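Consider the single chain below, provided in structure tokens and representing the form predicted on its own.
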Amino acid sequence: MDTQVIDASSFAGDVIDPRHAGYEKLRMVWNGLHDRRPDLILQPRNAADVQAAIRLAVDRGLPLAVRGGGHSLPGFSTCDKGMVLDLSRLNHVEIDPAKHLAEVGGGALLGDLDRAGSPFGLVTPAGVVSHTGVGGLTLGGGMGWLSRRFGMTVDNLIAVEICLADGTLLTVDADTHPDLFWALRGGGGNFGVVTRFRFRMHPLGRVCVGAWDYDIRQISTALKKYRDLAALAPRQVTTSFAATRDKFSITAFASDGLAPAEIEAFGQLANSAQGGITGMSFLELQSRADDHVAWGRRYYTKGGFFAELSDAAIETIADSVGRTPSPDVEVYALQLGGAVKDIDEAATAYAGRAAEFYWIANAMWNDPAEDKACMAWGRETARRLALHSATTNYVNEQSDSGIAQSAYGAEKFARLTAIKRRYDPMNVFRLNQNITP
């Protein structure tokens, strides 16, 4: 496509086509399974640029992919023969320490937000990998180490600036366009391009992190003890576990000045524990997994909610990790509950308030020759774990598309469909877990 179609008077950002020296690097996304070649990559510098880019895509009938962090598991943040709207230059973060507020650009990463708040001891609950985009994570719901204490990311969202399919720029909050604000808190990127988020922040306090590895042969015993301990944990404590064919790992995170004694018992689940209280800071914890889930690796992931970690679910996990085709293939779970449950289920589009854990059947590998085996393991493990799970789901952690209706449930999906019909009747924003108008 001729880059002359971009009106330089209305677009101040960068325009990259396949002839550009940086095209090969800029077209890549996090999940190495997706190797697509868009006709144009536009890098807006402001909201007006975003408006111009959307109008161009609509006028030309181009598929439009929106990329914040580029972490879309199904590859929605890129496309073939269309336009990628790369928001990476909209990465500003401004902290108001007196009011406990953060103004965050639509292209910022979680690490940008975490680092900006750190000098003031302030946090907004978000995800667990620092190179994840704030935008995609937030619009799907957003869960992480601080969710039990402060709620989901969307529970701390105060307002957004969003560009709609017709190019209109709106500021949306609980009082202005409340139906759209409801939908944006869990409904994904179906309604427009968010150019700015305003978040509530919270004092973090002193933190403590413990990490322990156990012999995988003790996983069933250790998980049952872990489940009982986790049920008693105060909301200032969040835990996770990961199981591969080689080991079973527990991480426990405490904030608000809780003593190490609050989490030490998670290192006593079986007699093979290696590890302990780490001395890790919150910023270090937030980036701990960055290299493990690095850019360019191949990922196939499916997840779901456990209302409880039942004996049957534990045995399924133990059996599944014994069948993994590659060493980094894992079952991972993050503890929820606490403040997540304080919000009424109907208050946001996010659908999973009652869950105690979110699990992920997470296949990670590097060699394309392992694609078939790793993806088959992911599908089968997820199918088996789903038998012990809630019917709703979290749209951010799914490698397969077309899951929106089942993820939200009938009532929320019907409401989301009506809002989609109002704000994007032509389904311009369809490269996502799509809600068709």
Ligand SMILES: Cc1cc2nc3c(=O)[nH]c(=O)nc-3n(C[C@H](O)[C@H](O)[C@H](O)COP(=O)(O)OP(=O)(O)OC[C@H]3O[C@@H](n4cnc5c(N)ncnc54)[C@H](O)[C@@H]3O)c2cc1C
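Just count from 1 along the sequence shown to find any residue number. What you see is a predicted model; the values in this text were computed from it and never measured.
The protein also exists as the form predicted together with the ligand; that form is not presented, and the subsequent description refers to it.
- Partner proximity in the model of the complex, defined as non-hydrogen atoms within 4.5 angstroms of the ligand, places exactly one of 233-241, 128-136, 205-213, 313-321 at the interface: 128-136.
- Contact annotation: of the candidates 71, 185, 227, 149, the single residue with a non-hydrogen atom within 4.5 angstroms of the ligand in the model of the complex is 71.
- This chain appears without its partner; in the model of the complex, the one residue of 381, 51, 393, 396 with a heavy atom within 4.5 Å of the ligand is 396.
- Interface membership of residue 30, defined by any non-hydrogen atom within 4.5 Å of the ligand in the model of the complex, is confirmed.
- Using a 4.5 angstroms limit between non-hydrogen atoms, residue 77 touches the ligand in the model of the complex.
- Using a 4.5 Å cutoff between non-hydrogen atoms, residue 431 counts as a contact of the ligand in the model of the complex.
- Using a 4.5 Å cutoff between non-hydrogen atoms, residue 293 counts as a contact of the ligand in the model of the complex.
- With contact defined as any non-hydrogen atom lying within 4.5 angstroms of the ligand in the model of the complex, the stretch 205-232 contains no contacting residue.
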